[in-house]
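As structure tokens, one chain now follows by itself in the form predicted on its own.
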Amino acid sequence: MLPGFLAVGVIATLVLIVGPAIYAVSLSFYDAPSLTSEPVWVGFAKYGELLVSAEFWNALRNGFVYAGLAIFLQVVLGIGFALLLNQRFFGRTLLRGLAFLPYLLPTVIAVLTFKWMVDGSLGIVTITMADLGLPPIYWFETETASMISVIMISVWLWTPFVTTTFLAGLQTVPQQLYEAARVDGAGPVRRFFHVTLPSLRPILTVIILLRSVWMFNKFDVIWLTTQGGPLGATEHLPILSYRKAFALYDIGSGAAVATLSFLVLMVAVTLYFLLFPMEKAK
């Protein structure tokens, strides 16, 4: 018999996670204009429609572009900031606290702040670019600029989390390894690639995995900035699922998009673990 606390956890998981997930998947096999209407069984018809539609493959491609570039920048900047904040200097504690500040901001505040900064008439970025003689950038009106905008906001918001995680990892690297590397004549670059980076490998593996899942499913930043536009340039699978279900009133297609997104992530995570297996505890 399961212990009491374990039984509560199992029941809570079944009620709050497994049950809704099964219900959502089951909706993808029906045609229904709302959650309260009488659904009509259509089998795999919704999946067939999606897999031959250009908007699904466009959303899938946008999801990989958005998540891939955002994660790459977060990891590179996160490691760089962590190395800087790991040095001894006056005011290091204060700077560490300030560096974490963007992660504490609500997403809607960060998005509104970015919009004000790039406003076409009053934004500080726009005014600065004009003073430098640079041409204006229409951040949310062109396809490339809109994708860059949502990536920049995501990097600004979540790089502090990555920085803090790597900074915690740097505290655990034995100093004897650096001293031995110095004795062998290794410079800063060689010490980074031969001591620091291998020591951070377990954290790097987990960070990339978590950020990949979170960014691929990220909804709020894109919805608050472009809502998937212009012309679907920033529409990824979560936005497409929402639009299908709650704007076009096609619950079955919305659930099918969410299910396919889940399957894509499952395949990606499985491949990731095959390529980068977690190290066993010694």
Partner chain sequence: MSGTKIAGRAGVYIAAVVLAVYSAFPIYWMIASSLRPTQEMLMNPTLIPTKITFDYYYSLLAQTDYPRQFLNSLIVALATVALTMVLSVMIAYGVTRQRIRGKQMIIGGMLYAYMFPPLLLAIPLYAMFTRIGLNDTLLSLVISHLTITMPLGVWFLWGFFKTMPFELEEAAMVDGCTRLGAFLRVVLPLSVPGLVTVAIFAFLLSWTDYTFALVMIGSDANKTVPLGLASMVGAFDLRWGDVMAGSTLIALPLFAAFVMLSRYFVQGLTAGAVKG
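Positions refer to the first chain, counted from 1. Treat the numbers as computed from the prediction; the structure is a model and nothing was measured.
Just so you know, the form predicted in complex with the partner chain exists too; it's not on screen, but the next bit is about it.
The partner is absent here, but in the predicted bound form a heavy atom of Leu104, alone among Val183, Leu104, Leu132, Val189, sits within 4.5 Å of the partner chain. Listed residues Leu177, Met147, Ile137, Leu84 were compared with the partner chain in the predicted bound form; Leu84 is the one with a heavy atom within 4.5 Å. The closest non-hydrogen atom of Phe90 lies within 4.5 Å of the partner chain in the predicted bound form. For the chain shown alone, Ser241 is a contact residue for the partner chain in the predicted bound form, at least one non-hydrogen atom being within 4.5 angstroms.
Of the heavy atoms in Gly254, some are within 4.5 Å of the partner chain in the predicted bound form. Within 4.5 Å of any heavy atom of the partner chain in the predicted bound form lies no heavy atom of Thr142. Applying a 4.5 Å heavy atom cutoff to the partner chain in the predicted bound form picks out Asn217, Lys218, Phe219, Asp220, Trp223, Leu224 from 216-233, in order along the sequence.
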